[in-house]
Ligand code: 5RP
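Taking the form predicted on its own, here's one chain by itself in structure tokens.
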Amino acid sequence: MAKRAVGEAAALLVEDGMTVGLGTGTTARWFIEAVGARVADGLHVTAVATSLASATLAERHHIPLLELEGRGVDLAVDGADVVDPDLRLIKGRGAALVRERIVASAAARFVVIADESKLRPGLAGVVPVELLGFGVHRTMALLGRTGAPFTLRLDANGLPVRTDNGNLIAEGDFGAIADPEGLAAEIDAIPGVVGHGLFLGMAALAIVADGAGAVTRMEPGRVLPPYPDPRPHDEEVT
């Protein structure tokens, strides 16, 4: 219910004629479906997908897709694994973190959507990193010097996960991250790293819902007045 609520609330931000960045994952899915419903009702938009999975879902809902152009996008909406009060994020569970960062950074406005379980007083937990296959052992050794042991993400068959870009995903569990900006700079400086899941200073707005579907809006450092529920009160949400 929470994921659907935030997806539908974020879809209300989409205006006719916009180019929209479509995130990846179980929460972004509800945003894409809600935009698709508005397209079916006559909304005219174009979109840039951050993954093959999101592109497939957008096509299913007849949302016209574009390559990312030089002018960027008007609005990007995506989920997150962790959100702190300053809207600093950890992302990457869906292994689309590099494409998500490219689209989010190209957006005039980047909005994160999440259920309230993703809220934390500070960033903590597993940080995904996308890296090249070439020299992976050296890259992993250097990542291990940043404060946490790193391992490659494996699929159900025990094989390394590959991103849509053909790269690998490594993960380091940092616990509480005292200096996210410093850690991001350390990881960025390692040769072989393509991108990481620390999205800092990028989100302008967070739309968060509790288990009952009640939606709250947050800007960095503050909670905004209640957000109107876009659903009819008698609608059954599954």
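What you see is a predicted model, and the numbers here were worked out from it, not measured in a lab. Numbers follow the displayed sequence, beginning with 1.
The discussion below concerns the form predicted together with ribulose-5-phosphate (5RP), not included here.
- Relative to ribulose-5-phosphate (5RP) in the predicted bound form, residues 3, 94 and 118 are all within 4.5 Å by at least one heavy atom.
- Among heavy atoms of residue 130, none comes within 4.5 Å of ribulose-5-phosphate (5RP) in the predicted bound form.
- The closest heavy atom approach of residue 80 to ribulose-5-phosphate (5RP) in the predicted bound form falls within 4.5 Å.
- A residue is said to contact a partner when one of its heavy atoms sits within 4.5 Å of a partner heavy atom; residue 26 meets this definition for ribulose-5-phosphate (5RP) in the predicted bound form.
- In short, of 154-162, 68-76, 86-94, 119-127 it is 86-94 that has heavy atoms within 4.5 Å of ribulose-5-phosphate (5RP) in the predicted bound form.
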